[in-house]
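Here's a solo chain for you in structure tokens, the form predicted on its own.
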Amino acid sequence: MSTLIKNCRLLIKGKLFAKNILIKNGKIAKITNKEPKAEKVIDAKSNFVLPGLIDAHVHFREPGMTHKEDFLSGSMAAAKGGITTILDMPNTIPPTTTLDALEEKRRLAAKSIVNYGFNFGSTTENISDIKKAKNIAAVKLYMSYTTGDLIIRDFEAISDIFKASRTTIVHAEDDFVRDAVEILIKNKIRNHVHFAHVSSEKELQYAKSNKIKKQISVEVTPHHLFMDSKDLQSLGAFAEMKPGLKTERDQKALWEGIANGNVDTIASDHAPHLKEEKEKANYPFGVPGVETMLPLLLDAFNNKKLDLSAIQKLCCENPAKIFRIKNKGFLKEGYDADLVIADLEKRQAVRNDDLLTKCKWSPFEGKILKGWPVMTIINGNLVYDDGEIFDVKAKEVQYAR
């Protein structure tokens, strides 16, 4: 099957060019000024075309919490948001901390319509399984509390996990970021560490103001970029997540980190809970995000807060590089045909009723954003077209050694 996407505007060395993209057998066959023949033609209508987003931090809640989300509903929401690849987190029920649990999650994820990969959970007793786990993006280490019970505070055990894993994603808040860096330095560990959802000025300084900062990468989330602690007054539990919202100064530091290169990736930390769960006195922490991440960033572009090349770098190119995902993250001949077409002029409010996530709410409800994904193509297949979802199953991603 061949598909031609004509009248694209895409970035080449930071500048927008008009091009046509020929797709054959799920791959980008040619990026050209010409209009080669194809069995199917899609008119991008001079809209912006970028690589499909790679969201390296989602909680699709399967197994064990599928009333909140599952791989089908979560992937539909992701496709609508222009995300073509997700990496799922291990704090499910049971947690993904054994080889059997990993294989079971693989079986469950086969229903996904976006490409998928897995982060393996760490405990003080599963080092042998960490070493044996095949085709994983990274190992997740929790040094601070979150949904589930995977927290580790034993520095020797943390050192062993860092040594066993080529890339470790760390949930560390406040001074625990400094502790993680010191463990790396003290034990002369050269493996990569990726700090998830960094939310404060201090955490960013701890992560990037040291002699090993090249082996450390930093992720930030849209909710920490576009909300701050004042939003708790109006939204209450619906603005509660881990790590929590910080001050305007912290928010400004994250934006400065994007500008100066200290922030490496943006990920949604999609963590859905039902409305009725959030309305309880002992509400769970977390907010959904796969459908609003790209619209929020495109709106920020329209408001001159960041440029399109930064969005592409932070959400597509850098996640592919950091997690060594094969053939994804770039619009290049020979790469997988994962791409999103975005209408930079489309102005629309975030509406709970429009959301495909099972939880059916967003902390950004009512916010009018300019710039929305209108079409998503995965492995050469059209899976989202201006409100319509097509149930075409995707694939598990592969990693370079």
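All residue numbers are counted from 1 along the displayed sequence. All values reported here derive from a predicted model rather than from experimental measurement.
Just so it is clear, the following notes concern the form predicted together with a small molecule, a form of the same protein that is not shown.
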query: Proximity of K208 to the small molecule in the predicted bound form, heavy atoms at 4.5 Å; finding: no
query: The small molecule contact in the predicted bound form: K242, any heavy atom under 4.5 Å; finding: yes
query: Any non-hydrogen atom of G286 within 4.5 angstroms of the small molecule in the predicted bound form; finding: yes
query: 4.5 Å heavy atom contact, H194 to the small molecule in the predicted bound form; finding: no
query: Among 265-273, 113-121, 152-160, 225-233, the region lying within 4.5 Å of the small molecule in the predicted bound form by heavy atom distance; finding: 265-273
query: Interface residue in the predicted bound form among N91, N327, Q312, N126, criterion: non-hydrogen atom within 4.5 angstroms of the small molecule; finding: N91
query: T167, T146, T97, N318 - the one with a heavy atom within 4.5 Å of the small molecule in the predicted bound form; finding: T146
